[in-house]
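In the form predicted on its own, a lone chain appears below as C-alpha cells.
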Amino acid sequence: MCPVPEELLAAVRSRGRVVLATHVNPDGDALGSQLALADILAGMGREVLCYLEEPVPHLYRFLPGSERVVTDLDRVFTFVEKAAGDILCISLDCGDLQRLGKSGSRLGAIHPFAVIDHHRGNNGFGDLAWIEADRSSTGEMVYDLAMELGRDISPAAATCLYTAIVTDTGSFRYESTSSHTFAVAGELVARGVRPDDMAARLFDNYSVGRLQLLQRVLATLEMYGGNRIAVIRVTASMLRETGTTLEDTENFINLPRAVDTVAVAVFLKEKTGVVSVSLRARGGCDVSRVAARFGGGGHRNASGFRMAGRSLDEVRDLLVPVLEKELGQ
C-alpha cells in the first residue's frame, strides 16, 4: 500500500467546496465511497455536492446520504461558480474520464481535479491521482484517507464504506482482499455496522419478480471452453415479463462463477442498441485485459465493457474465442 499523496491531502484540506463524482451504472463501491467521503468532508466543514449521471439504483437507496445525490449538471456548475475558485472535484472508483458519463469532459474541466481509484487500467487522468490497483476497493482507500486527515468515521460513513468493501470483494472472496481489508471492515463493525443487516439489505432482498427473472436468466446458461466459460444473458423481454429492471440483475453473475469448473463467467445484458457485458473470473484469467480489448476495463477478477450495434449472440461470438485464448485453449 502507498501513502495518500501529500498533494491530495493538501487539496482536501485547503478547499471549501468539493464536487464528488463517480461512474455511470454505479455499484456499491462507487456509491459507498462517494457518500462516505461526502460525510467525512462535511464533518470537516466542507460544502459537498455529490453528482451522478443517473438516479441512485434502488438497491443502494438505503445508504445514508443517498438522497443528497444530484443528477442535474447545471446544479453542479452553479455550485462551482459560487465557490469562486475555492473548489475541488474528486472522481471516485473511475478508470477514465469517459466512465463518468456524458458529463465527464465538463467535470474534468473543474480544477483541481483529483482521482481516487483502484482500477488496474486507470490511465492516470486528472490533476492529482491516487491509484492503487492492488486495493480491494475504493472504499478501503477512502477509509485510509479519513485516517490521514485525522477524521473519525461516523456510523453513516461506516455503513457506506462497508457496502463499498463487501460488494467489491464479492463478500471478501476476491484475491484483492487483504489483511488490511479485514482490519478496515472490523473497524467499521466497531463503529456500528451490523454484518447481518448489511447482508440482508445487499443480498437477501429478492422480490417475486426478481426471483422469476433469475429463473429465466439461469435458463440461458451456455458453457464453453471445456466448461471453463459460463455465459448467461438477460433480454428486454425478460424484464418486461417479470416487471423488473436491469438493477434487479445485481449479483446474478456470481452464480455461474460459482460452478466448480468455471474460470470466467460472462453476463450479457441487452439495452437499447447496446449490449453491456460483465466479466467475473477466478484463477489465472485477467478479465481486465479482455475487457480492455473491447474498450472497457476494470479489475483482474471483475471487469466489463459495452458494445453498440451488435446482438447478444454477436457479442458472445466475438468474446468467447478471446476468453478461450486467454485461458490457453
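It should be emphasised that the depicted structure is a prediction, and the values quoted were computed from it without experimental measurement. All residue numbers refer to positions in the sequence shown, first residue = 1.
Just so it is clear, the following notes concern the form predicted in complex with a small molecule, a form of the same protein that is not shown.
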4.5 Å heavy atom contact, G296 to the small molecule in the predicted complex: yes
Determine whether any heavy atom of G304 comes within 4.5 Å of a heavy atom of the small molecule in the predicted complex, and answer yes or no. yes
Answer with yes or no whether D96 is in contact with the small molecule in the predicted complex, where contact means some heavy atom within 4.5 Å. yes
Although the partner isn't part of this model, could you tell me whether H119 comes within 4.5 Å of the small molecule in the predicted complex, counting any heavy atom of the residue? yes
If contact means a heavy atom within 4.5 Å, which one of 272-280, 47-55, 65-73, 31-39 is the stretch that engages the small molecule in the predicted complex? 272-280
